[in-house]
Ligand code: NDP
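Okay, here we've got a single chain as structure tokens, the form predicted on its own, with questions on binding and movement later.
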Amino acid sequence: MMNRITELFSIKFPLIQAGMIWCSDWKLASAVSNSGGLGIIGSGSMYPEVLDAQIIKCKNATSKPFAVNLPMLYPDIDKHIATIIKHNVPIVFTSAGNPKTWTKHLKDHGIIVVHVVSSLKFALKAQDAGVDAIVAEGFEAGGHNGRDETTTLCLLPMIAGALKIPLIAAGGIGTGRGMLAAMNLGADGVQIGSRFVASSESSAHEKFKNRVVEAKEGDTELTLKEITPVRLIKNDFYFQLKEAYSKGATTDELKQLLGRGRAKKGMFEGDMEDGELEIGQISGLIEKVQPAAEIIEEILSEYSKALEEQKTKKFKF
């Protein structure tokens, strides 16, 4: 499956595991990389010394390329970048901020830079900033999301026709057929998050993994657009938000209700009612917790089968 993404990252398959806070530490990243994809350490929830240790452990667990996801709003971003450079991490995925700020600095140190966007406007800005590839993330995605609610189905062809650099699709992708659909729409690869939350190696709490498996259609909703848009599983905290909205809560009141550490409380510590449970709409198709290698094998097998059916026009649903 050689293409622009596999060549750029020196990986076997154009399948990337998203860098998710509280869910993607070195165990998951190394497992995905060892299986031929690109694993990503989600640094947004880590203190600088924790990221340092995570990178060392990942390098000891895999000889394959891996990446670090770096939210641009992270308060100690300069320390994270220094750690990444010190350990010669080959690839960085930036998100939630202006890619111009650090792209040149990272590339001057030989690091491949990928930026996550949710619109054509920001994809073009990121390309102009000199990034090496783009992740286009649709409305279906878990975690922080775009305010315009543009779906992956619409977003991909808009961006694919305007970019000169490789494009990675994200949002609502968790199967081989979904991967093929994204490639048909112009993507060079896919980034998958929710499916890997429900992996054996994920650092998410077991209660959260099981809640993801239990999720059905309609069990998530994009909310908190006034602060940072995030897709949440509907639990007691979600319904507290709904009540606050119904009473006309201000942005400050919503921030107060959200508080600090809400995501850690839910996804990492296992409070399924009062915690923030971030996951994508694809959770409705996730049926069990599996090892990362098994997830990748299953997706690629389904992708190959669907591709053959497409070639012969023998679709089966």
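Start at 1 with the first residue shown and count on from there. Being a predicted model, the structure only gives us computed values, none of them experimental.
Although it is not shown, the form predicted together with the ligand is what the next lines describe.
So in the predicted complex, does any heavy atom of residue 260 sit within 4.5 Å of the ligand?
Yes, contact at 4.5 Å.
Taking the ligand as it sits in the predicted complex, is residue 71 near enough to touch it, meaning that at least one heavy atom pair lies within 4.5 angstroms?
Because a heavy atom of residue 71 falls inside 4.5 Å of the ligand in the predicted complex, the answer is yes.
Could you confirm whether residue 48 comes within 4.5 Å of the ligand in the predicted complex, counting heavy atoms only?
Answer yes; at least one heavy atom of residue 48 falls within 4.5 Å of the ligand in the predicted complex.
Touches the ligand in the predicted complex: residue 75 (any heavy atom, 4.5 Å):
Result yes; residue 75 sits at the interface with the ligand in the predicted complex.
Thinking of 28, 200 and 286 as the candidate spot, does the ligand come within 4.5 Å of a heavy atom on all of them in the predicted complex?
So, no: the whole triplet misses the ligand.
Within 4.5 Å, heavy atoms only, which of 210, 240, 228, 151 is in contact with the ligand in the predicted complex?
Only one option qualifies, and that one is 228.
If you check 95, 191, 83, 220 against the ligand in the predicted complex, which one has a heavy atom within 4.5 Å?
It is 95.
Per-stretch contact check against the ligand in the predicted complex, the hit in 164 to 172, 104 to 112, 240 to 248, 75 to 83 (non-hydrogen atom, 4.5 angstroms)
Only one stretch qualifies here: 75 to 83.
Taking heavy atoms and a 4.5 Å limit, what residues of 19 to 37 are near the ligand in the predicted complex?
21, 22, in sequence order.
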